[in-house]
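Shown below, as structure tokens, is a lone chain in the form predicted on its own; questions about how it binds or moves come after it.
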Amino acid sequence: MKAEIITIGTEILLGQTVDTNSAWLGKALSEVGVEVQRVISISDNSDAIIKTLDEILSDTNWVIITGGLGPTKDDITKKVLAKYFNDELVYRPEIFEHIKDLFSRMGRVPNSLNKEQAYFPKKANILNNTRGTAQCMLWEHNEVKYISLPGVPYEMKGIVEDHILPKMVEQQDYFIENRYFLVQGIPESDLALRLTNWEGSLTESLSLAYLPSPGLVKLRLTCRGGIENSDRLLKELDSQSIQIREILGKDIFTESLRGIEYIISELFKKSGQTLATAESFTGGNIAAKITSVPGSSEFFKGSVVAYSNEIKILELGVNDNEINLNGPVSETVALQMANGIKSKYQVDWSIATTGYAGPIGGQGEAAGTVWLAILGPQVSWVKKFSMGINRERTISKSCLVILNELRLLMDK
């Protein structure tokens, strides 16, 4: 089964909005065995929409369209699609009732523009959007299904999960299953060397993909074949997954697509211990990751973003002579920051980061030079890293490195 994704929005082409919808859809569709053949971004323009629809590939089964369903004049997708499929817009009172109910829960009253969203193509099937005002449209034309979704990611994802993926699964005659193994701190090429012999022994039904990002590699083991062989294929997939675990061991921090912060959360909830962070160049990013996990208040006590030397001294008790002697980026300062936050908040574990994120360094150190420290029960860990001159990558990689090290230390 094959699909194409069309994202509508001039703001995407101008770089003012990042098209995260296509990335999410590509992943979601691949998980149910649907091959995405193309992703196309076009402007809010009638001619562009029609031309793109006319050029859909001959073997495409599903066309997923996002964007242009809002209440403003530049949201033209519904009208253009209705015309393209020789359809007409008719007023659907139940849609407007849904809009009024949605607005009432937000203390608002819909206006005349919102009422326009209650006009719906007569021939299209409605896929309810319970999260927003724009309803999803489904047409079947020349044995191809065309789905028009709102561009708001939260709403789009909900409709796809509630309605579209189940429909695709029902029609799928092909077995596909994935296993994921996430590894931090090991370069893609090093992982490939460790897995060379094992990977060379895989049958044609199995394939391994390396999906690298700064400080992280996702390994995706995929099994494909006829639906009639699904039991055998699944057993083979499970058997090979065991072998990956044996080869990589604790270097695998999760076999889900969740971030490492979820693994940290599970460890702390299980142990009943507590955590606090003292961050300089990471600017609160570690604390933000941890608190993004529901229930993190059970173990995470707080953070101090000690960006300046003054705050390092006043809030964390860092020795000013040490800063004057060796600068704010040193082993001693990192440990003193970790000790300061640990004492301040009376926690079991503490994390500290200090470094030159870039693009310039300081005190004779190159950009990307960082010191990371962890203190815990009978644990004192500190290490220097060179993360490179890219500021964003240095911060991102440092967050992953220290959280993964915390995982390993807690799991001993």
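Since this is a predicted model, take the numbers as computed values, not measurements. Each residue number is its position in the shown sequence, starting from 1.
The same protein has a further form, the form predicted in complex with another copy of the chain, not shown here; the description that follows concerns it.
Under a 4.5 angstroms heavy atom criterion, identify the one residue in Glu188, Asp238, Glu161, Asp231 near another copy of the chain in the predicted bound form. Among Glu188, Asp238, Glu161, Asp231, a heavy atom within 4.5 Å of another copy of the chain in the predicted bound form occurs only for Glu188.
Using heavy atoms only and a 4.5 Å cut-off, determine which of Lys145, Lys167, Lys301, Lys123 is in contact with another copy of the chain in the predicted bound form. Checked against the cut-off, the match is Lys301.
Using heavy atoms only and a 4.5 Å cut-off, decide whether all three of Asp101, Asn339 and Ile374 touch another copy of the chain in the predicted bound form. No residue of the spot touches another copy of the chain in the predicted bound form.
Contact segment among 376 to 384, 53 to 61, 363 to 371, 348 to 356, judged by heavy atoms lying within 4.5 Å of another copy of the chain in the predicted bound form: Among the candidates, contact is made by 53 to 61.
Is Asp173 close to another copy of the chain in the predicted bound form, meaning a heavy atom pair under 4.5 Å apart or at it? Close contact is absent here: in the predicted bound form, Asp173 is far from another copy of the chain, nothing within 4.5 Å, heavy atoms only.
Going by a heavy atom distance of 4.5 Å, is Lys270 a contact of another copy of the chain in the predicted bound form? Outside the cut-off, so no.
I'd like to know whether Thr130 contacts another copy of the chain in the predicted bound form, with contact meaning heavy atoms within 4.5 angstroms. Flag for Thr130 set to no.
Could you confirm whether Ser308 comes within 4.5 Å of another copy of the chain in the predicted bound form, counting heavy atoms only? Ser308 belongs to the contact set for another copy of the chain.
Within 4.5 Å of another copy of the chain in the predicted bound form, which residues of 286 to 302 have a heavy atom? Give them in sequence order, or say none. Counting only heavy atoms within 4.5 Å of another copy of the chain in the predicted bound form, the contacting residues of 286 to 302 are Ala287, Ala288, Thr291, Ser292, Val293, Pro294, Ser296, Ser297, Phe300, Lys301, Gly302.
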